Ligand SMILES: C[S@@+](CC[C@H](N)C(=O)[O-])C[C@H]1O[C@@H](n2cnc3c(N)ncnc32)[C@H](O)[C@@H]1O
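Just one chain follows, in the form predicted alone, and it is written as structure tokens.
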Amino acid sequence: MTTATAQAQFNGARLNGELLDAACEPYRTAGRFAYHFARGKLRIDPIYRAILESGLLLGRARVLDLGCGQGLLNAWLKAAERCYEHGNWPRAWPPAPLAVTTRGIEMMSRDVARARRAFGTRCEISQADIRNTDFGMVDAVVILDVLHYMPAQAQNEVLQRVRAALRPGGLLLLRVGDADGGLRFRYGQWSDKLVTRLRGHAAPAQYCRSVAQWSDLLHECGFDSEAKPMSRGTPFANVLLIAHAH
């Protein structure tokens, strides 16, 4: 390992610690569960680092987070902006997304309550069902581990409405489990149900697809997509579909 590589890894580790602390700090006012859930999720789940490390939301001023839970993406992006402006940022990474407005929609009242306790009047999370809520016009939509809780027709309808909310070139980040992922996929289903119960909700039925089937559905709904593995450091079969509206 070269000295430059070692220094980059050290800077990345230092950033991750400071970024994690900054992102989780608002949840101290939302209760112990909200704080520790945020800390565990943001530390372990590779999607949050990938969004910054790959610059996926750069230039996207208005972001809509569907099924946003207690608002972790909003907390993460705000913390990243502060770290970047304070000069604490890996040289190998693109700039952090700046001046991003993140609006969330979440159906579960307990998660919305946690978000509102954490962010107060700054909270832009509404309690609603994404199957019948107006999305407005946005630059990017993020859907993480949500669509598989909806029957096939509802999945199609939500994606059609997402496409309508995006101008050509708009971005959709869709994280799904790959139903062709064998044991790793089944473990992900089990873990999904466990986390849902820990958050205080009943575990609903799941309507899953293979990555190829998700890609076909996105194409039908007006997107060109590419698949990127998103399970680093976890035992799951998760994939991020980076989809551009055409």
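The model shown is predicted, which means the values in this text are computed figures rather than measured ones. In case it trips you up, residue 1 is the first one in the sequence shown, and so on.
A second form of this protein, the form predicted together with the ligand, is not displayed here; the remarks below concern that form.
### Message
Within 4.5 Å, heavy atoms only, which of 181, 188, 69, 26 is in contact with the ligand in the model of the complex?
### Response
The option sitting close enough to the partner is 69.
### Query
Between the options 113, 107, 123, 98, which residue brings a heavy atom to within 4.5 Å of the ligand in the model of the complex?
Selected residue: 107.
### Residue contact check: residue 43 to the ligand in the model of the complex, 4.5 Å heavy atom
So residue 43 does not count as contacting the ligand.
### Message
Considering non-hydrogen atoms and a 4.5 Å limit, does the ligand approach residue 129 in the model of the complex?
### Response
Output for residue 129 is yes: heavy atoms within 4.5 Å of the ligand.
### Task
State yes or no: in the model of the complex, is some non-hydrogen atom of residue 145 no more than 4.5 angstroms from a non-hydrogen atom of the ligand?
Residue 145: yes, in contact with the ligand in the model of the complex.
#### Entry: Exercise: residue 149 in contact with the ligand in the model of the complex, heavy atom 4.5 Å
Judged by the heavy-atom cut-off of 4.5 Å, residue 149 is in contact with the ligand in the model of the complex.
### Which of 137-145, 81-89, 162-170, 115-123 lines the interface with the ligand in the model of the complex (heavy atom within 4.5 Å)
Single hit among the candidates: 137-145.
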